[in-house]
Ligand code: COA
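To begin, one chain is listed below as C-alpha cells, in the form predicted alone.
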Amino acid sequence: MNSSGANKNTQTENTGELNFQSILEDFYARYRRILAGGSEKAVALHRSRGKLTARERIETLLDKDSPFLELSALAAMGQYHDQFPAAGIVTGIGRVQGRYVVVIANDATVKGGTYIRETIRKHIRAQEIAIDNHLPAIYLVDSGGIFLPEQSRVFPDRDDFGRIFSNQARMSAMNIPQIAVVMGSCTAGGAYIPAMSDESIIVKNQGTIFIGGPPLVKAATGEEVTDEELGGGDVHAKISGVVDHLANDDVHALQICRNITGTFPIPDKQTIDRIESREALYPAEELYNYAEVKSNLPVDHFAIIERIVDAGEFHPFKAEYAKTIITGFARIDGYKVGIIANNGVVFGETARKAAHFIQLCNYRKIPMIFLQNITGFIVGKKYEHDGIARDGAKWIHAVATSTVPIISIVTGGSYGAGNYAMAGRAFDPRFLFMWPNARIGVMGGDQAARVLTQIKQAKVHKAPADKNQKTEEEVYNEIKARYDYESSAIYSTSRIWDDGIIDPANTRRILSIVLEISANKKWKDHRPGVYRM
C-alpha cells in the first residue's frame, strides 16, 4: 500500500496515540491474517482431499481480471478467540460471464464451514444485497451446518439460520437466479440450499447432501451407511434427482456453474445518467490526510468530495444556507450522484436543507452518497422550543422513504440520532462502508465516559467510604477505553454492522462499482409519507 505524501495525523512516537497510518497498517495486517482461512493443518487436510480453498474457488468462478468486492471480510474478528476468521464464510460481488453476481462460499478450513451467529448474519446480508440489486446468487457449499456449541444463538429467531432458506424462496419468487455448487458437506438444514436453488451441481466422491448424516441415521434407525451411500454425488445425480449436474472436481463444477450463468435472462435495469468518466483531480492517497483519528475533530468533507468526484467538480445546493451540512451534485466515474456530507452539528435548518435535497434526488432518480462524520443534533432549551425534534424527523423521514439507492460511508464518527439521519444500517442503505479510523456509537467515548463517571461518582458519595474505591480519573479512563473499543471500526465490522472496512484510497473505485450494481433493477417511484410541518 503506497501512502505517499505527508499525513497530518502523524503523531510523535512517544505520545502513545495512534495515527492514521498505524490504523491502516493494522487493518491490512488483520486482513492478511484472514486470507489464509483456517489453520495450516486444516488447509493442508482440505487440499489433500483435492479441494480448492474458498477463495481459490471464487477466483476460478469469476471472469478473469474481474474485481471482487468482498463483504465484511473481518467478520467475527476479536470474537471466539479468533477461531473463525471471516466468520468461516467468504461473501462478495464479482462478474461471471460479464454480469455481476453475489457469491457466498463456505470455508471448510474454518471449523468445517460451520455457522456461528456472524456467519449467518454475513450469509443473510449477502442475500439482502442480491435482493436489493436483483443480482443472481451463487452458493459454493462446503459446510457442516450450525456450530452446535452456539446453537441457542443461531437457530430459532427471525434472522437466524432458517432465514437463509426463507430468503431463497423469496428470491426465487422475485425471479432472482440461484445456483448451488455442492463441493463438500451439505448437511441438516444446509441441505435445503441446493434443494431450493434453481440448479444444483455436486462434485462426485466429494460433495454430500443429507438431512441427517450417518451417525444420526444409526442412532435413529440402527442403519449403518457411508456418507457416499447416503447422499453422495451418484445418489443425488442419478437416483434422487436432488442435483442437476455431476462434476468431476472443483474446477469442473465451477465451469458448469459459469455455463449456467450464461443462460440467465438479461435484467431490466434502471436507466441512469452516466457520461464519459473523468479522472479525479488529485491522487487517491491524498484522502489519508483527511481521515481524522480523534472523534471530536471535524472532517474536511469538501476536500474529500473534491478527491472522489470526477475532475473535482461539485455543484452545491443551498451553499450559503445551513452550512453544517454539505449537499450538492457531482459525478463519480461518470455517474450522476447527489452527495450529503456533514460539516458540523445538526440544527433545525440543517435538517430541513438535507430533507429538501433528499426529496430532489428521489424525484430526479439520482442515487445518493452519504459521507458521515456526525456528532448528532444540537441540544438545549432554545432548540427544543424551535422544534429540533420535528425538523430532525423530516430528515429521518426523507431518508427512510427514499427509493433511490443510498450508499453510506463513515469517514469519521457516526453518533446518536445523527447515525439515523445519515442513513445508518437501520435505514437500509444499499451499501454501508467504514474507513479504518471510523467510529460508531450512541455517543463518543469521551462524552460517554464523562456522563457515566458522574453517575458512578454520585452513587459513591452516597455509599459508605471504601478504601479500595477508584479515583474519578481511574473510573473515567476505564469507561473511555471500553467505549473507544466498542465504537471502533473493527468492533463494528466484526459484528456485521457494516459491509466492510475500506481503504480511503479505494473509495472512488468502490463507489463506481456499487453505483453500477445499484442500477441492476428499476427503482420505485418516490412516495413520501406525512411530514410534520
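We number the residues from 1 along the sequence you see. Since the structure is predicted, the reported quantities are computational estimates derived from the model, not experimental observations.
Unshown form predicted together with ligand COA; subsequent notes refer to it.
S.K.: For the form shown, open or blocked once ligand COA is overlaid as positioned in the model of the complex, with the cut-off of 3 or more ligand atoms within 2.4 Å of backbone or C-beta atoms?
M.R.: Answer open: no ligand atom comes within 2.4 Å of backbone or C-beta.
S.K.: Tell me which stretch of 144 to 152, 301 to 309, 316 to 324, 434 to 442 has a heavy atom within 4.5 angstroms of ligand COA in the model of the complex.
M.R.: Among the listed stretches, the partner-contacting one is 144 to 152.
S.K.: Heavy atom within 4.5 Å of ligand COA in the model of the complex: which of 185, 178, 402, 127 fits that? Just give me the one.
M.R.: The residue in contact is 185.
S.K.: Exactly one of 482, 470, 32, 49 has a non-hydrogen atom within 4.5 Å of ligand COA in the model of the complex; which residue is it?
M.R.: Only one listed residue qualifies here, and that residue is 49.
S.K.: Even though the partner isn't displayed, in the model of the complex is residue 204 close enough to ligand COA, meaning a heavy atom within 4.5 Å?
M.R.: Looking in the model of the complex, residue contacts with ligand COA do not include residue 204, since no heavy atom lies within 4.5 Å.
S.K.: Using a 4.5 angstroms cut-off on non-hydrogen atoms, would residue 111 count as touching ligand COA in the model of the complex?
M.R.: Yes, residue 111 sits close enough to ligand COA in the model of the complex that at least one of its heavy atoms falls within 4.5 Å.
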